[in-house]
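Below you'll find only one chain, the form predicted alone, shown as structure tokens.
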């Protein structure tokens, strides 16, 4: 018998064989499930020493080549700093990525809207309280999917 939602069960797709597609269809670059920050375990194997992408929920819908340009080769979590509750838990999960699973890098992709900045603030707060220091990059996306800025975040 399963406890909780079966959709929240940790699944690792990193070993999935990527085959060429004769139709030209682009392969998904998703390497794990779940992806919602509330549901992920920060100690899941796909975060171990990984490059992690923390993306605002809306980003993937605006950036046309999101999988190819930003998700490929990375583990991911998504969140909404405006609508999600329990954001103190988010800071602890990010800190656990840094200290416990020893991620290599963290890229935070947000939309240009003011409320999205909260996701970068959570990453900064986690970085400040973490024992390890890692490179953290912030990428801001326009409502039409253009990259407005890319910059390294200070702790």
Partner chain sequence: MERYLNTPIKEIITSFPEVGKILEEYSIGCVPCTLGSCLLKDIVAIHNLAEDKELELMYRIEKTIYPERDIKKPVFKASKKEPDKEIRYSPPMKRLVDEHTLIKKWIGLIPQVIENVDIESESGSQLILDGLDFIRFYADKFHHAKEEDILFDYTDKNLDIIRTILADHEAARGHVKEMLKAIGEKDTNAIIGHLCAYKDLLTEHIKKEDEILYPWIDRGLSTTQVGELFAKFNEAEEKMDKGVIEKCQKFIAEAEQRIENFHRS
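In this text the structure is predicted, and so the values were computed from the model without any measurement. Positions refer to the first chain, counted from 1.
Beyond the structure shown, there is the form predicted in complex with its partner chain, which is absent from this document and is the topic of what follows.
Residue in contact with its partner chain in the predicted bound form (any heavy atom within 4.5 Å), chosen from 41, 48, 105, 27: 105.
Comment: 105-113 is the region of 60-68, 31-39, 87-95, 105-113 lying near its partner chain in the predicted bound form, near meaning a non-hydrogen atom within 4.5 Å. Within this chain, residue 147 is remote from the site of its partner chain in the predicted bound form, having no heavy atom within 4.5 Å. In the predicted bound form, at least one heavy atom of residue 133 sits within 4.5 Å of a heavy atom of its partner chain.
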